[in-house]
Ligand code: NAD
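Below you'll find only one chain, the form predicted on its own, shown as structure tokens.
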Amino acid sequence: MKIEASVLQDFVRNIFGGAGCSAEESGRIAKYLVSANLVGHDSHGVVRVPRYVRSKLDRTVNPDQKVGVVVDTPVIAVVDGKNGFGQTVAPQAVEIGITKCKAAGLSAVALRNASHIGRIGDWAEMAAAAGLVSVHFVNASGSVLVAPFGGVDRRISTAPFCIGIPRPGTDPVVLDFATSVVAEGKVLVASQGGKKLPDNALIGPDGTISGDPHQLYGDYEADGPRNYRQGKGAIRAFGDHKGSGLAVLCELLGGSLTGCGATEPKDVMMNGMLSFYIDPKVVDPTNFLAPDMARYLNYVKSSRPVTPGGEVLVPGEVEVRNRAQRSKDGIPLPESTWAALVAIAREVGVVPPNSAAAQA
């Protein structure tokens, strides 16, 4: 099924309002989750609504938080998210980084103790909209999901890494990926009838490599909850030792250095994010970057495609196209994901839209 973006966003906003979130926070969460679906990152989209709502109802996340500033210098800040919703505390941290960078040309912000901060590309795009380059190292303390290269036991989070570079008059270049073969959300989507996982995505305790979500979640009902603590397998790090090494560095920088803590088993997952911001106007007063970047990206795309009729893409291009197409044609959702949204909506007293009327 396909759902019109505005209908889906209104529905998600109402769900969080029914769960007791403020109108402002409900709107923010809905905006960023649906935005992830629009750009094709379904793993960080509305599939996460039931988990987010459950954390609110169970009081394992704190609503409407204002970050606490632990360290504040002209170029550095350490901020505590106080276990607030990531869609509330992460943009506050990014705004601090933007403000400091605009004043000094360079800044670094360490965010600790944030609940799930969603698609990291959102924060790179926020910085790019302010004209800034940004680099983000992220960990998920408590979310032990990934086996390091050469091992089968879970020791690492999916440890995202992201870089954004603004381009005048057009969309920024944004590289945003988990350092695992797939993000946990993609396993969740696959388990609910969405896009299948690559055959090399998961590893079992005996070293068997597969794309079966049961490795991560164990047994589950089609419409039931998924709990990664029930499975015995792990997600694999991408790129063998290279991806595994980058993941460990994301743990140390996004977790240890921020004060969030590198990943170990905990009852509550917290994101830590170390972000650097650079003002090109300070580094590049002659404006060499923009034309040279355009020249080089065109040069990269001029490579002959490996598949006849194919295309070489640069970072961020797929997301831009997905946003345009899904804004026009609607957001595809597996029936099980829609059913999960309807179920959690009814639990918090929200009447869901008629599925037939909601479809694009």
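Remember, it's a predicted structure, so these values are computed and weren't measured experimentally. Numbers for residues come from their place in the sequence shown, where the first is 1.
Beyond what is shown, the protein has a form predicted in complex with ligand NAD; the following relates to that form.
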query	finding
Proximity to ligand NAD in the predicted complex (heavy atom, within 4.5 Å), stretch among 283 to 291, 252 to 260, 215 to 223, 169 to 177	169 to 177
Listed residue that, although ligand NAD is not shown, lies within 4.5 Å of it in the predicted complex (heavy atoms), from 57, 70, 318, 324	318
Contact residue in the predicted complex, from 183, 126, 133, 203 (heavy atom within 4.5 Å of ligand NAD)	183
Ligand NAD contact at residue 119 in the predicted complex, heavy atom, 4.5 Å	yes
Partner proximity in the predicted complex: residue 164 to ligand NAD, non-hydrogen atom cutoff 4.5 Å	no
Exercise: residue 41 in contact with ligand NAD in the predicted complex, heavy atom 4.5 Å	yes
4.5 Å heavy atom contact, residue 235 to ligand NAD in the predicted complex	no
160, 271 and 313 each touching ligand NAD in the predicted complex (heavy atom, 4.5 Å)	yes
